[in-house]
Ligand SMILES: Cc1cc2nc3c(=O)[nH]c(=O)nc-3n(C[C@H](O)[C@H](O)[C@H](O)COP(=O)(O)O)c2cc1C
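The chain below stands alone and is given as structure tokens, in the form predicted alone.
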């Protein structure tokens, strides 16, 4: 199954994974899906709701979006039921450009993470968005990834370096981003209280 039309390209594609708990409560969190030729992989870290749900249900949905605010909210907030709909009886984000449901098979366990091979089982393209590369959107994604790690880092020097990097990304967002990217960066700063 070629997933390029759904938005997954060679390398690491940042998406929002949706999963569900044993009691069918949906969860959303950004992840990176690694694509090599026609093989798909994801590393999920122990201790997250995403890994708990994937280990239980052995599936996840990749929600492809270019909405910076949705990406930041999924990284730092519990999304309400209003954000979700069902695709093949699985929770997905209503506003995503496409959904890909994957079966997840553990291929490696490490001290802090699991590596899964992903097998696509269903794909839906809601809208094909052709968009030029926007450095502001990319900077928001990079800043959000750093911000998710910022809260768990204990080394003060490393934390200061990370804060400095986030501030550099914020400057790129201010220079290159559109309204949604600037709003996303503002949300990120509010969450981090920088």
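None of the values given here were measured: they were computed from a predicted structure. Positions refer to the first chain, counted from 1.
Form predicted together with the named molecule: not shown, discussed below.
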- [ ] Using a 4.5 Å heavy atom cut-off, indicate which stretch of 62 to 70, 159 to 167, 121 to 129, 47 to 55 touches the named molecule in the predicted bound form.
- [x] 47 to 55
Open item on the list: Please tell me whether any heavy atom belonging to residue 29 falls inside 4.5 Å of a heavy atom of the named molecule, as the geometry stands in the predicted bound form.
Closed with: yes
Open item on the list: Does any part of residue 139 reach within 4.5 Å of the named molecule in the predicted bound form? Heavy atoms only, please.
Closed with: no
Open item on the list: Test of understanding: in the predicted bound form, would residue 183 fall inside 4.5 Å of the named molecule by heavy atoms?
Closed with: no
Open item on the list: Please tell me whether any heavy atom belonging to residue 14 falls inside 4.5 Å of a heavy atom of the named molecule, as the geometry stands in the predicted bound form.
Closed with: yes
Open item on the list: Residues 134, 173 and 176 are flagged as a possible site; in the predicted bound form, is every one of them within 4.5 Å of the named molecule by some non-hydrogen atom?
Closed with: no
- [ ] Could you run down 140 to 170 and flag each residue that has a heavy atom within 4.5 Å of the named molecule in the predicted bound form?
- [x] 141, 144, 145, 148
